[in-house]
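Single chain ahead, written as structure tokens, the form predicted alone.
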Amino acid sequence: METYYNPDDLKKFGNIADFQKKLGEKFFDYYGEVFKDSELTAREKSLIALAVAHAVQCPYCIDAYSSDAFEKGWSEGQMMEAVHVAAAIRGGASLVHGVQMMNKVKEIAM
């Protein structure tokens, strides 16, 4: 089955600098710095990245950070719990914006 998402494109991520070398290099320098051990370990950052990948629904990121997190020693249960945290935050963000709707409806109903 063909889909818009091609898993093989993940291998081409390094090519994003091809059309704009300067900005691409700046991005990869930044990206590399972000994922180094610092206040958080690279291992911790991998689990965070996995959760964020699900929140932003990036199939490439989900593939990459599922592999990365597993390789860095996170268990299947820990990884799924991180996905549930992302889902709860994403759901809560949608619901809290319901207050805006409620305020607007109250305003126009007066």
Partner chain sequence: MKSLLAEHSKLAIAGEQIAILEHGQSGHFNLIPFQQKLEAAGLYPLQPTSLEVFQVNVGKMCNQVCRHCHVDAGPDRKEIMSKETMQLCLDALKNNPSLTTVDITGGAPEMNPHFRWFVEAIKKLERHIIVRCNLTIILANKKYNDLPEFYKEHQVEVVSSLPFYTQDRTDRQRGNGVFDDSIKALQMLNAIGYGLEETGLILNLVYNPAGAFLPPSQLALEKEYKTALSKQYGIAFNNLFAITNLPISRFLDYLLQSGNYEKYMEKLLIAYNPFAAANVMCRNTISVGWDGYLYDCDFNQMLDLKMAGSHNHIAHFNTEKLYNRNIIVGQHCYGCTAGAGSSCGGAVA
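Treat the numbers as computed from the prediction; the structure is a model and nothing was measured. Residue numbers count along the first chain shown, from 1.
Keep in mind the form predicted in complex with its partner chain is missing from the figure; the text below concerns it.
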task = May I ask you to state whether residue 97 is within 4.5 Å of its partner chain in the model of the complex, using heavy atom distances?
result = no
message = Even though the partner isn't displayed, in the model of the complex is residue 65 close enough to its partner chain, meaning a heavy atom within 4.5 Å?
response = no
query = Is there a heavy atom of residue 70 lying 4.5 Å or less from a heavy atom of its partner chain in the model of the complex?
reply = yes
request  = Give a yes or no for residue 11: in the model of the complex, does one of its heavy atoms lie within 4.5 Å of a heavy atom belonging to its partner chain?
outcome  = yes
Location of its partner chain contact in the model of the complex, chosen stretch of 50 to 58, 37 to 45, 81 to 89, 24 to 32 [non-hydrogen atom, 4.5 Å] = 37 to 45
ask   = Does anything in 73 to 90 come within 4.5 Å of its partner chain in the model of the complex by heavy atoms, and if so which residues, in order?
value = 73, 74, 75, 76
